[in-house]
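Shown next as structure tokens: one chain only, the form predicted alone.
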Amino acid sequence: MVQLHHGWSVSARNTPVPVDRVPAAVPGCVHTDLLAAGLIPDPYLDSNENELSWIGRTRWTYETSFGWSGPEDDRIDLVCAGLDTVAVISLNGTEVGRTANMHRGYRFDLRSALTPGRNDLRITFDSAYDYTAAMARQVGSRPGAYDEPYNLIRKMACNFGWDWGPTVVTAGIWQPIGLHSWSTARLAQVRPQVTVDGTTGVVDVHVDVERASTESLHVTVEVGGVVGVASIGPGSIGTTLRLSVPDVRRWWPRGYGEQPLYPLRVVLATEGGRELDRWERRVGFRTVRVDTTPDEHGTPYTVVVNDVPVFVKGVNWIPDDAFVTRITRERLAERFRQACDANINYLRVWGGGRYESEDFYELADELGLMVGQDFLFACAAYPEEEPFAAEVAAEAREHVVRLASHPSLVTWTGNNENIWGFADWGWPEKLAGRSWGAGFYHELLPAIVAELDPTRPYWPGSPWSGTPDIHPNDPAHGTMHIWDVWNQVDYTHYRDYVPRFCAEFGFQAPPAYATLRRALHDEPLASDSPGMRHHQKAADGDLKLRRGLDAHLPEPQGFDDWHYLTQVNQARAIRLAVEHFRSHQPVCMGAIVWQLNDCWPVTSWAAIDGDGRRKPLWYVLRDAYADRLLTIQPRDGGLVLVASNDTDRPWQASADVTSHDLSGKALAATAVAFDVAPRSVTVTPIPDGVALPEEPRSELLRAVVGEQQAWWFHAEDREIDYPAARYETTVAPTAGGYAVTVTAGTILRDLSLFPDRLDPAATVDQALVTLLPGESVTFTVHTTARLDATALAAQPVLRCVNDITA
């Protein structure tokens, strides 16, 4: 393959700024090209996004030239791994192909248009809006969650904006492009089906070829030291080889074992041994299924790997940048390290983004992160007519085959919230009998998975109850999403649910202070200043943030208070939900928080903001998803101590459970012994004499086992008579930054340190620490900058809730 990634320019007519042969990056998109040329402001800053909507409504032409020395091979193909989206490709003025799907690759035979010497290649991208308008005239409109036509084009839906994302309707050559010269035959498709039988790894390698001649071919497959050879007879276009690899080491999810990977190589050659093509990947040997056997609680949804049920400690994943070509392997590796450091074992790739990259899946394979991949349908009704249906089938077949080698991929899901939307969001009346996607989710996609990748389970939607006879978001059956919390009711209502598997739930907070200061030029910065309002995309998002604060926390006295308290409230909401769900294992066998990451600087549900900074929520995920979790939960009018043991070893301990007043004085105490088997939970009542307070506003409960603690406050912070915060601090320089030690003179609730206010690159090792009088904590700050020791130990860098209550 000869890449064609250089010498490109992009042009357009009748644009607000002149765009005539502007240098273009390939892979890339028009927004980033215009930004690099200084022709547009950064759409992520302030409200610049609003000034740039014309880009998505413009026709763009990309051009380059390349040399060709004349006929040598039987075929010369233009291979386009991804064009965004509606394109006409011409070579030397001759049309050679058309595309209408961002989510698939294309290959075009150039022999009829190539000339010796210089060749001029042009790709013209029509406006996505013009295409969707024509599609609406052809098949009729379809309802969706947003007033944008993302469901009438096979393009990344969140390009059209979301309740966390900007509207940046891109165009361009977003995946590699190049010339492939070949003769005789090439590997058109390699599809390994990998499983394991006892200690023997089994690989069925399905090989399809494209031919330029009819001669006999040989295929050699090697994996784990085992070699298989097969012939493809004259005129035949495929074969299948089964290889059995003895004594394989199984691939396990992180926390359950190691992740050995085995190189798999496929070589296509002539009968005389001349190599024509090769394909190489790494595979892992494991089995995966989803247990949905009905029980006394309803219908479970339990991911089972190597016959071991796995409690999913997950996060939802969106594209890490709205301009996806800026997402490097290094950036993904950093995000995955953050996920693993937060004890996450599962990434759900949400259906409004993309089929994730090879870099994404290779990293997940190496780290043991399970992945659930949605097919790309989200929050809308989709037409099933042609040409839409053919594009859906083509993209599905391409990516099911492409991802088949990755052990990290454990499930395929048909869509995000579309079956639920049809049931509850008033679509049938708007559709008036028109198709809405049901045929994709219940017929086309499961048939493709069953044909091409039967080693993995398929689930029609998220959420989905397992049968049309039960509401698709029934908590007792299959998977569910919880969005009345956040949208309508307080986060304590998470406890109203005991879901079998919760695939989405979340609560909002703004990004880190340094992220806001980079993105916004508001003076003064306020919760309702223009830039903050623009970077809040959720419907009534600021009102919902305020409702959450009013239910739990004291009145913020300014932006710094508001920023800190909303981040605290987000973290508390998700802690409550995750700990509640884990306490109900094995009835509940999965929690997938919405969401891990952001695609730009925005107030959202993410734990890691658009600049890659960790919000307080990230630290809560690390604690709530820890292998061993201690939590106090309300049950049957009292309190219980729950010990969750997500390890292969028994956990035997005795917790010291003590009731304190706000001065730290012990009022009552007991010891709660527990013995938790591997991968299980114990629930032990706390005696009422310790658990139940005489004065709820001035008493609290703490359970301690070694370094682990669990807290229970009997009243909301806005009702608690906290003393004014008193503490002593020492700041000591270290080789990598600073050690900030805080010794409490009073109770300190959710003490946190925000060094990014002093150095945008600075990080800290912990957050949301609660101390009783006399106790200490040391925050380790990582920075290469010289920081003001006084500022490190003072507001707004060092905060606790009772700063504000006082």
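The first residue of the sequence shown is number 1, and the count goes up from there. For clarity, every value in this text was computed on a predicted model and none was experimentally measured.
Only in words, not in the display: the form predicted in complex with a small molecule, which the text now covers.
Across the options 223-231, 414-422, 707-715, 129-137, residues that bring heavy atoms within 4.5 Å of the small molecule in the predicted bound form belong to 414-422. Residue W350 is the only one of W350, W251, F440, F160 with a heavy atom lying within 4.5 Å of the small molecule in the predicted bound form.
Listed residues V196, C379, L363, C80 were compared with the small molecule in the predicted bound form; C379 is the one with a heavy atom within 4.5 Å. When contacts are judged by a 4.5 Å heavy atom cut-off, D474 does not count as touching the small molecule in the predicted bound form.
Residue contact with the small molecule in the predicted bound form: W594 places a heavy atom within 4.5 Å of it. A residue is said to contact a partner when one of its heavy atoms sits within 4.5 Å of a partner heavy atom; Y564 fails this definition for the small molecule in the predicted bound form, lying far away.
Taking the partner from the other structure, the small molecule in the predicted bound form has no heavy atom within 4.5 Å of any heavy atom of W464.
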